[in-house]
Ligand SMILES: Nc1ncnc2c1ncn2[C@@H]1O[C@H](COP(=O)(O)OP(=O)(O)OP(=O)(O)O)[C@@H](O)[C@H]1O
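Just one chain follows, in the form predicted alone, and it is written as structure tokens.
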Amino acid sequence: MSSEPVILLKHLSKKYPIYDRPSQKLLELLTLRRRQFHREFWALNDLDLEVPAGSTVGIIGQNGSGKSTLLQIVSGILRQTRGDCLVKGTVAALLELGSGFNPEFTGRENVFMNGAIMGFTRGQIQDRLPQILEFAEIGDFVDQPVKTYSSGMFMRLAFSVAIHADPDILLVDEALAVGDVIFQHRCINRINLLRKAGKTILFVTHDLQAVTRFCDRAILLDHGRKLEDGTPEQVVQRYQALIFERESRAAGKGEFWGPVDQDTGLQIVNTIPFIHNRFGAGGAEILGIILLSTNGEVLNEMRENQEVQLVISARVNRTMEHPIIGFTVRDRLGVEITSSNSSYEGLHLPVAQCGDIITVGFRITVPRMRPGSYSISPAIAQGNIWEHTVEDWIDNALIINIADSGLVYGMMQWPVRVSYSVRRADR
């Protein structure tokens, strides 16, 4: 790997004007910009970065931290407000689903159009076309308008064009989040081949496992500034600590706990990390949800065979004859992985009066699951597992990470025991 940087950023900054109303932009133009009607938002602020040739760099951070803006500047789509951006070599960018594709054109026409944008002649694109279409596996749809494609077909074709351009630098922004497991594995294999060929890769993602598995180095951006630069493991740990700290503040200045129940030892939970969508009849409300180790340590990551406890607290607003508390786990694409509740597990909660606080602890042995981020949605209902009224439900209230425990096909691995028999041909 060469030590000479192929991407060099010095004091890179990007400013966007933010208008509260569209009319304010017109007013600013009419005054020849002598009066300012906008607020300034710095998507990137005084960023320095050197990327050596042949390295794979993961860029992580919360939404709005400047990750996509950074890749757009490096690719030449955006111009920085100030600072320097020097890029050596050809660049292929896969920045968002179908970027650069005309939905009215066919897949074949878009391949030639994108190739021309990258600087290839029609003959060069024609030579690459069989490999592009073989990798994309969209069949006869190649001659249909891409507006008729599914999101997976769209991404397969876009990714195939980008990687077969044989770039010196490949920019990838969350592109692997779309597509089935087989396609994602093929993309990862292809990226590994590009790495072995000495290509430089900048990889923006929220998939922390992908960062630790495939990157030589990681960058953590926060509010447009570089917060951490180092090994993937080091940077991912800093990112998780940052998220945990902000969740704590948002949930009540870090005060997770209420009083301890003297009978059960369970402590009332007062923290809800995320509340984006909440619904229910209102007969009760979720007060908090938290994941704990057997030692009582607050967790935001689990691994195979680990014993953990998920604790959910709820306040009752009117008498409930048959309260039920439970949760649902979904993957990052919103696919439901599993659900459970107190009734299903054989725990029949007592009648609760207005003002009562119910806390339920679910002890879980973590199975082997596909690594990545998962959300947990807590709920309280009244009735039984067959017929009930949801009193309060909070979508994706807690986000956890499943650590990489080995190869997993599909979503999770069943506990399977294998036996065999061989009948010899000479018997």
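Because the structure is a prediction, the values reported are computed rather than measured. Heads up: residue numbers just count along the shown sequence, starting at 1.
The same protein has a further form, the form predicted together with the ligand, not shown here; the description that follows concerns it.
Listed residue that, although the ligand is not shown, lies within 4.5 Å of it in the model of the complex (heavy atoms), from 401, 377, 359, 69: Answer to the contact question: 69.
Heavy atom within 4.5 Å of the ligand in the model of the complex - the one residue of 62, 396, 45, 384 that qualifies: The residue in contact is 62.
Interface stretch in the model of the complex with the ligand - options 387-395, 22-30, 369-377, 36-44, non-hydrogen atom within 4.5 Å: Comparing against the ligand in the model of the complex, the contact stretch is 36-44.
Residue 322: touches the ligand in the model of the complex, heavy atom cutoff 4.5 angstroms: No, no contact at 4.5 Å.
Proximity of residue 206 to the ligand in the model of the complex, heavy atoms at 4.5 Å: Residue-level check for residue 206: yes, a contact with the ligand.
Non-hydrogen atom contact residue 407 with the ligand in the model of the complex at 4.5 angstroms: Close contact is absent here: in the model of the complex, residue 407 is far from the ligand, nothing within 4.5 Å, heavy atoms only.
Residue 414: touches the ligand in the model of the complex, heavy atom cutoff 4.5 angstroms: Because no heavy atom of residue 414 falls inside 4.5 Å of the ligand in the model of the complex, the answer is no.
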